[in-house]
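What follows is a pair of forms of the same protein chain, given separately as structure tokens and numbered structure 1 and structure 2.
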Structure 1
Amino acid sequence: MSGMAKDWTPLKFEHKRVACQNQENFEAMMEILELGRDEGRFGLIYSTAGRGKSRTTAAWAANHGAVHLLMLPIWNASELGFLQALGRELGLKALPLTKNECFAKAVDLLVSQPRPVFLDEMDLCPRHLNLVRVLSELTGAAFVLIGEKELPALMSQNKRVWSRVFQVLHFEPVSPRDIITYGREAANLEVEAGAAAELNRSPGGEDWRVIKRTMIDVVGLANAKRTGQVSVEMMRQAIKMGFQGVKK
């Protein structure tokens, strides 16, 4: 920890992804879903936009060889578009032109190489919930459905779908605790609880991009004052600097 010091070593900012509460909860959820291998099952992740659902799940999928597919509202008109996109993600080179063939190939690929499937913005394609349920049942693969607040309600309307939901995760907004951890990890700063709450309350204070930008300003101020302790006053100044930057 860097306090007041005569031999001051300037603080450096290095962006780091901190394991916030949402991340930890998500990892736990995936572990539990893995335990139910071979059973058709759903995971459900929901929250308002901008809380990192897509990013967190895409990063996990990229590192674990899972499928991550963004659902498009135009697929509501027909299942073929959705099944072709799923087949492509599963590794199909020549995409079948009929729904039946596409469905059969997707099932074959998921049975021979089981892996979780993330369907992002599923709330935009509610008509395919039953199709996804059947895919999950036939293949035993875990399907994790991601969407906004409306998704749980859409799923609970369909009893067959709802009864197969094993795990539900609500993505919480960034908390002052996450900001304190981020300050420590990224720049060795000791952010006071009040200062973290001040940033969290400010406009955009629940968005990681804004938090990162503000923290870079905080590092500049901390170096000018030769301290690693971030007070409420210093945080207010950094937030103000951020707004001035936006005005320009």
Structure 2
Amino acid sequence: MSGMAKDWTPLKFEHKRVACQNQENFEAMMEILELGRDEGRFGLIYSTAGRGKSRTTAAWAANHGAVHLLMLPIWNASELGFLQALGRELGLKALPLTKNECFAKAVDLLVSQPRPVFLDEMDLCPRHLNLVRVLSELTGAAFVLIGEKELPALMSQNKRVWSRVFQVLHFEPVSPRDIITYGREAANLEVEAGAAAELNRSPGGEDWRVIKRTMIDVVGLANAKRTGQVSVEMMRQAIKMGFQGVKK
């Protein structure tokens, strides 16, 4: 693929989820949580932003009939808002207008149709941790709480909550090997090891969002050069493009 191809077919970019250690660790975590079936329990997933927590858990939930709910900061002051949103995700058509009725309906649905519940960005709604604990205990459902690095500390402040954490998973930074795999699967690029390392150690180079944006620029450069080989110099140019207009 290297060199200037005469009959060049422009590369196209299509974002792909790549298999990595975080994915494998998550799959193992869900299997372990399943062993505690019928007992209220928490899974905890945390890391800095951009390491694939939301995409990984949302994809698993969609494939396994589970619930994946993005927590909104406005709900931290409204138990009713949270319970109505949970009820909607559980399949309620007519949402109750009181907290008590919403809570009872959610419990009934989780008892009659057991399934894991993922609460993403739970660190934005810490006031509901105890409410979620009770939901888990009454239904026997596994609740997987997802957030940034502050979430473990928030949960550990409540002994009743913390004692029900069965599994803790920290999502590790994206590795150069992951970047190489991503380039190949998303755009048929052959990213040299040095180029992957260059991106990985650049600002945001451990964050999938930054990697995606940079790889789109790489595809543009590769098409201009009519090559599928990504050198260190090409990667440096793409990284620089991403920071154009940013003043130090």
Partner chain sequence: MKFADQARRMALVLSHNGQRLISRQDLGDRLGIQTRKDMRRVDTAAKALVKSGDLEHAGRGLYRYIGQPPAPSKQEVMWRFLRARRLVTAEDLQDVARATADYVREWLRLLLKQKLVRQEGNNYRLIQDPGPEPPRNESKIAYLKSRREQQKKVLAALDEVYLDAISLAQKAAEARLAVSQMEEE
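Remember, it's a predicted structure, so these values are computed and weren't measured experimentally. The term rigid core refers to the maximal set of C-alpha atoms that superpose within 1.5 Å between the two forms. Numbering for residues begins at 1 and runs along the sequence of structure 1.
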Compare the two displayed forms of this chain and pick out the form predicted alone. 2
CA superposition split between structure 1 and structure 2, residue 217 and residue 130 in same rigid part: no
Once the larger parts are superposed on C-alpha atoms, what angle in degrees does the smaller rigid part turn through between structure 1 and structure 2? 24
How much does the C-alpha of residue 13 move between structure 1 and structure 2, in Å, when the core is lined up? 8.9
